[in-house]
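Below you will find one chain, with nothing else, as structure tokens; this is the form predicted on its own, and questions on how it binds or moves follow later.
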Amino acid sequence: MAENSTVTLSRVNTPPAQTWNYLRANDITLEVPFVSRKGDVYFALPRLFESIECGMGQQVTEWIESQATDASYVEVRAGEKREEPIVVTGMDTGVMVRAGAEATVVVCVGGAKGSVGSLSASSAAGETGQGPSESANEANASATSKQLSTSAALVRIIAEHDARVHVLEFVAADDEVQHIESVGITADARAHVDARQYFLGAGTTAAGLTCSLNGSSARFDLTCRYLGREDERLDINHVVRMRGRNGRTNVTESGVLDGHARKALRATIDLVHGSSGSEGTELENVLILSDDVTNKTMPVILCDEDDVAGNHGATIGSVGPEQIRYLADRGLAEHEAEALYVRALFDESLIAAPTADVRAVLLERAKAVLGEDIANDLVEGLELDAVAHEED
């Protein structure tokens, strides 16, 4: 293999149980850069992290490890309540949150090349579709698609017993970016992990997250918000392994699709044998603003235990005529009414942003999507909220 070339990640981001084969929705195949690291001195994470299952699968893990110039390891001591967020700046990051500790982990990608783990734009190519099962026409269209700059992040987190971990992911890159993000989390007894994902822009966003609740009474809460517009591609995989007794999982996903956007979201809650007393719920809401979008929603509950509860569902639709009429009576045209839903995504992401740097990335994307005037309104709203909070 040449020192600087491309490789194909075949059929990655797969769910634990593959279904709907006729829809070709079980995976994605990506063409990514490969830079030779021969002779480089690489700091590897402690071997404990090798056992963590990551959302996009082992093939992506190995590719990112091969491309990372170094690995970052952060440890939060037992009982420590870390105020400063742990901001992911490299491709390969491991975070150990010791017993009873609390920490926030932040991943933020924005701009023309992405701000995490950027690779050479000249050697990076865009996604190539759904693997061997796609048609020849789809494959040819993918092969001739414009080249994309590639950024990548591999984040592995261990939450020991009674730990509290907050995960914040923001992807707000330009349309010339292909971003690959794979997250793996393990939670021991009584640990509580909450994750918030905001996928607001990139030519291709391929993201997977797996959380394994290994200890009893562990909890995982995931909120995912996404926006797909123009010719953007979103491929999302969420997997929760509930192994301990009396665990709790709540997964909520919602987003807006417009233009010719294509989105596939796989959500799996796996109630493993031994998870007696556990409950898991998954729900997605999709708002369709164009007749030309492609939406694939695949919720799955796997169960190998009797005394458990699993729930899942999805709501897919457009803005109703009654809602349009209601807003029109108040002076809003249909396109302005639909823009309110997109604005709400950015508004929520800005409220969740923990640092000024993250807010700057989100505002830059808001200007590109909503226009400078609306982006400025969002800033003014944040400032007013901050003043009100200080007065309280």
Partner chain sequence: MSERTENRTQVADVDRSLYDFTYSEEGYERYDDGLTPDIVRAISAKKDEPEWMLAMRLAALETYHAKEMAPNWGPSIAGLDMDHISTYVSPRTKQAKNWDDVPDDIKNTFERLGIPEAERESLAGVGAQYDSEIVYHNMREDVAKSGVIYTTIEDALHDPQWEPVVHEYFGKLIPPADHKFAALHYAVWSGGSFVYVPAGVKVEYPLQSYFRLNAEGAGQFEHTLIIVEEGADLHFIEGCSAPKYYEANLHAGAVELFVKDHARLRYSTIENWSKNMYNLNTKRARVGADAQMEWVSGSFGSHVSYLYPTTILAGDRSNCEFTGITFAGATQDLDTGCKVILNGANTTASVDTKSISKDGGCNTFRSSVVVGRHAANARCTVSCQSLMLDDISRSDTIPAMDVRNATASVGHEATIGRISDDTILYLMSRGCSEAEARTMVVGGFANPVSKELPLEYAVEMNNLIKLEMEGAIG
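Only a predicted model underlies this, so the values are computations on that prediction, with no experimental measurement involved. Positions refer to the first chain, counted from 1.
Here the subject shifts to the form predicted in complex with its partner chain, a form of this protein not shown in this document.
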I have Q18, N21 and M298 flagged as a candidate spot, so tell me whether each of them has a non-hydrogen atom within 4.5 Å of its partner chain in the predicted bound form. yes
Answer option from E75, D221, E230, E305, heavy atom within 4.5 Å of its partner chain in the predicted bound form: E305
So which of V256, V293, I86, A195 gets a non-hydrogen atom within 4.5 Å of its partner chain in the predicted bound form? V293
Exactly one stretch in 22-30, 355-363, 39-47, 55-63 has heavy atoms within 4.5 Å of its partner chain in the predicted bound form; which is it? 22-30
According to a 4.5 angstroms non-hydrogen atom cut-off, is V95 in contact with its partner chain in the predicted bound form? no
Would L289 show up as a contact with its partner chain in the predicted bound form if we use heavy atoms at 4.5 Å? yes
If we define contact as a non-hydrogen atom of the residue within 4.5 angstroms of the partner, is H312 a contact of its partner chain in the predicted bound form? yes
Consider T252 of the chain shown here, and say whether it contacts its partner chain in the predicted bound form, taking contact as heavy atoms within 4.5 Å. no
Within 4.5 Å of its partner chain in the predicted bound form, which residues of 73-98 have a heavy atom? Give them in sequence order, or say none. none
